[in-house]
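The form predicted alone is given below as one chain in structure tokens.
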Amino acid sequence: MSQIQETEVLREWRQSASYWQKHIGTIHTMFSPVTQALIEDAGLKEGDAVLDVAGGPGEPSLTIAEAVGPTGSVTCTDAVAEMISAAQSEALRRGVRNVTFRQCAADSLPFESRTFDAVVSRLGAMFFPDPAAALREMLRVTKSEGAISLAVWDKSELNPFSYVVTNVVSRYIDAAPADPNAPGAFRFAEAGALAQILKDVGARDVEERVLKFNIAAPISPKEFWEMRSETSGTLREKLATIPPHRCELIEQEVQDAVREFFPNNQMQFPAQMIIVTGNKAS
């Protein structure tokens, strides 16, 4: 990944931070099954010291902080200062006190080796500029026998939360084919891809499993579109290139297309992710 590409990715996330903060309650609910999967697969328990890499505006850090209790701790990191600021605000609002925050890149963690009982990352690894360097750093700061657990999207065609919007937008806006190796939501959707990198950097007992769940939240199709069109930097930039009346057409088509996933006017998308977990040797 070039320096220009890395700068562009960070710019998009900086511009998206305020929208993620705006929708943090919905996003928390949507991905809570993924957070629980990470807690279970990493074997987190009361009293653990946990590092959350690419924690965005505070999740899964704040939920994990509750899981490890007052004798445990969580360090929430993100490469984007605006995300860290949002996470701090959310921790204050929720009264969570056993979490600290640090702006840093995943491939340059400012912590001593063997500091944390476990390291997690929920939907972050796909955007690491250098995934191998990031996973190597995560393994370095993990204690002996400690776990690293990562959640990434499975294939796009298995996730209507993503593909329904993409299919509608593609009818209005031409887009160049995505580079499968560049940072993006489905970068590690192929079975074994992320697990192999984790093995290559030295983790042992690496396992991969598919997590099937529902992306559910009490929002309407209109609210879904508002969230998706605001939190996605790529989508925001595409919509900015076309006239307002065409944006309105896309909005209406998306709402019509997703309606089957909104029984009783509440969101229920079937979803599929990949959870990869490994341990550090003693």
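Given the structure is predicted, the values throughout are model-derived calculations rather than measurements. Quick note: we count residues from 1 along the sequence shown, nothing fancier.
Although not depicted, the form predicted in complex with a small molecule is the subject of the following passage.
Contact with the small molecule in the predicted bound form, judged by any heavy atom within 4.5 Å, is made by just one of Ala147, Val141, Val99, Ala105: Ala105. Note on the interface: of 161-169, 194-202, 86-94, 124-132, the segment with non-hydrogen atoms within 4.5 angstroms of the small molecule in the predicted bound form is 124-132. Interface residue remark: Glu59 is counted as part of the site for the small molecule in the predicted bound form, having a heavy atom within 4.5 Å. Among heavy atoms of Ile27, some come within 4.5 Å of the small molecule in the predicted bound form. Although the partner is absent here, Trp13 sits close enough that one of its heavy atoms falls within 4.5 Å of the small molecule in the predicted bound form. Heavy atoms of Ala54 reach within 4.5 Å of the small molecule in the predicted bound form, making it an interface residue.
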